[in-house]
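Okay, so here's just one chain, in structure tokens, the form predicted on its own.
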Amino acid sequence: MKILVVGGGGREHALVWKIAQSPRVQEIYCAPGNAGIQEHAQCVEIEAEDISGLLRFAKKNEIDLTVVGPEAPLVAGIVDLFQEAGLKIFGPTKRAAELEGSKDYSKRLMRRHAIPTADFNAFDNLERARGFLETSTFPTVVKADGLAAGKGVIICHTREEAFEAVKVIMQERAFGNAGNRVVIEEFMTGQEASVLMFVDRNTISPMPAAQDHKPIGEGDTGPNTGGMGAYSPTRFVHKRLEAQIEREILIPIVHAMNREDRPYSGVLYAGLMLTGEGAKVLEFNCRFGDPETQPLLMRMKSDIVDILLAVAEQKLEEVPPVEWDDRPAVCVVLASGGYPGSYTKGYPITGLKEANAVEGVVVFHAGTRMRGSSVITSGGRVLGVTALGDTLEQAIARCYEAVGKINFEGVTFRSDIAAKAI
């Protein structure tokens, strides 16, 4: 088979790394890829949002299956485009991807179908949003409605902070058109968890739970990022909670999408808050999470190509249950100094070979590219150092041992990934 992976981040490196292990695969292409991906695939200079260019490439190179990593091309309709051309592609259609593309739509869908989530209101007018905040209780959460690379969520502890958040999103346009509308929702407390599942409209195959660490700072402080680290499985999601999540969230959302004529196929990611009343949905994402994908695929024992192809062909029920390694995996993200704000690119990265030599470790590239024979930084999140261990403590130790061998100007990372689970 010839497979095309769309994207160039850590999630896509993990996907390419896992796909490359399949005996069914002869050639892998990745658009646009990165410095790490090129070790396993041929990188193609087509941006992930150039869906027409990707279609032309897939036709010309007779691609058997395209796997879409990022959310933007999904929301733009890449799946519809490929399917109309008779090409197999893994991911949801444009109408189904609105589940992530619009938080307002997602929240209203959950309200209509009684899927547990925080109470909310949405506004496309700055003054009306401010007026609502005048009578709100705090803390509260202000979210940009559209895609904001995981950064459009602001927790506000005071009315003044909320006013400023609405201004930043709607007036200053910090997240561009994603801020045409804001969602203001009830603040929930508890542990967060991520549960991803393979879906092919009618059949679901949940993956083990993971836990992301979105804030930039130790102890979950500072602004939100795309994710500073993750681990799987999380001890906070026990068997009884797993059953509640499947019964009240995973199965109902698939039925809801079918009833609203938006049948869902691909990976569906439920970001959850584990409250005293059970799990509630923070958000749905229409693709593999980043950095959750890195530890999850380290733990996957099955051939991922069998699963991806079955989903694309609507035959998931015919595939044997996915097998998972019982051992835990941890991913620590190394980011550029200044991220998630402004940062400088182009710094050489040292220690990659030494880090990859640590037992149980794979260093997944995100914001990297080649300059001559050197790997240099080219993004906010640069690397995802990921490790398997017999215990969570061992996985953490291996991960940070490898992190200690890598260096680049301004490197920053959290030293407490997975610590809350110990």
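Note that residue numbering begins at 1 and tracks the sequence as displayed. Small disclaimer: the values here were computed from a predicted structure and weren't measured.
The same protein has a further form, the form predicted in complex with a small molecule, not shown here; the description that follows concerns it.
Contact with the small molecule in the predicted complex, judged by any heavy atom within 4.5 Å, is made by just one of A76, L282, L126, A256: L282. Checked against the small molecule in the predicted complex, the residues L147, A312, V153, L99 give one hit for a heavy atom within 4.5 Å, which is V153. Only one of 334-342, 237-245, 83-91, 136-144 places residue heavy atoms within 4.5 angstroms of the small molecule in the predicted complex, namely 136-144. Highlighted residues M188, K214 and N224: every one comes within 4.5 Å of the small molecule in the predicted complex, counting any heavy atom. At a distance threshold of 4.5 angstroms between non-hydrogen atoms, E161 is out of contact with the small molecule in the predicted complex. Contact annotation for M273: at least one heavy atom lies within 4.5 Å of the small molecule in the predicted complex. In the predicted complex, the small molecule sits within 4.5 Å of a heavy atom belonging to E192.
Of the heavy atoms in A118, some are within 4.5 Å of the small molecule in the predicted complex.
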